[in-house]
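Given next, in structure tokens, is a single chain: the form predicted on its own.
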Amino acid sequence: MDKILGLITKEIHGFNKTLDTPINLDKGKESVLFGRDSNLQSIDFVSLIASIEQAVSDEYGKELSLVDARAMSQKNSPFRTVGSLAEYINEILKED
């Protein structure tokens, strides 16, 4: 799980360089990515998720799609925070 958190954080740090208002990572795993407290525009969010998908695929040698019906049907969005996204990715990776 720490490795996944590290990958997400690394991608966010790189992505922050392209944003007018960077994602605040001061809260660690509780840092908000998606929802009313997020400062990301829709296109920025999509780009960040694609970047994270690629980083995880490169690291684990497994293609994955984070935005699918399973993710959208969950009561609590797996994209809400850095920690919830890491947990969701961890679940997907454990399936094989």
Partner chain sequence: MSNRIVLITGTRKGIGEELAKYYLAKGDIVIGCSRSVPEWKTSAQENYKHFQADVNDEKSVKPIFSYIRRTHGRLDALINNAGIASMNHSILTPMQSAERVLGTNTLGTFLFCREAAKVMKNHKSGRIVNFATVATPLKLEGEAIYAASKAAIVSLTQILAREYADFGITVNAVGPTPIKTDLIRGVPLEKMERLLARQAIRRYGVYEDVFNVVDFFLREQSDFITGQVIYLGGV
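Numbering follows the first chain given and starts at 1. Computed from a prediction, not measured in an experiment: that's the story for all the values here.
This next part talks about the form predicted in complex with its partner chain, which is not shown.
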Heavy atom of Asp58 within 4.5 Å of its partner chain in the model of the complex:
yes
Heavy atom to heavy atom, is Asp26 within 4.5 Å of its partner chain in the model of the complex?
no
Even though its partner chain is not shown here, does it sit in the model of the complex so that Val46, Gln54 and Leu64 each have a heavy atom within 4.5 Å?
yes
